[in-house]
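Shown here is one chain on its own, the form predicted alone, set out as structure tokens.
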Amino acid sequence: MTPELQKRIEDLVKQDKIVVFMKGNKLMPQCGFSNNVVQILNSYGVPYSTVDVLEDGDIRQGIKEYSNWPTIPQLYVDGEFLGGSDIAVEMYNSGELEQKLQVALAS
């Protein structure tokens, strides 16, 4: 990954408290896994941003290297990579995700 691409991704990760790198956007997810993460975040009513990896091949590949995680979507809270769809669902079910979101939004 080029230093320029790494900086772009870091800026995107830090642009908002909650960021989802996904296929599509929060209004029109383009895959079921991305939709799962959107639905979870929508259920909390929290503000979040999305980055459509289908619009930028460099970001699509680069985010996988950045996080060392092979799949999309990827959920970041307060700059920390939490995981993909399965992990977001697990954290939602356990209540851990709600705690992380509350802490991030309070800071």
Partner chain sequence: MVSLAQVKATIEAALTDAQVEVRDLTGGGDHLEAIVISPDFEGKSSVDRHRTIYAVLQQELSAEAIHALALTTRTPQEVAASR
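Numbering follows the first chain given and starts at 1. Here the structure is a predicted model, which means the values were calculated and not measured.
Not pictured, yet referred to below: the form predicted together with its partner chain.
Interface residue remark: S43 is not counted as part of the site for its partner chain in the predicted bound form, having no heavy atom within 4.5 Å. Using a 4.5 angstroms limit between non-hydrogen atoms, P70 touches its partner chain in the predicted bound form. Among heavy atoms of K23, some come within 4.5 Å of its partner chain in the predicted bound form. Contact between E90 and its partner chain in the predicted bound form is found at the 4.5 Å heavy atom cutoff. Of all the residues from 79 to 106, those having a non-hydrogen atom no more than 4.5 Å from its partner chain in the predicted bound form are F81, L82, G83, D86, I87, E90.
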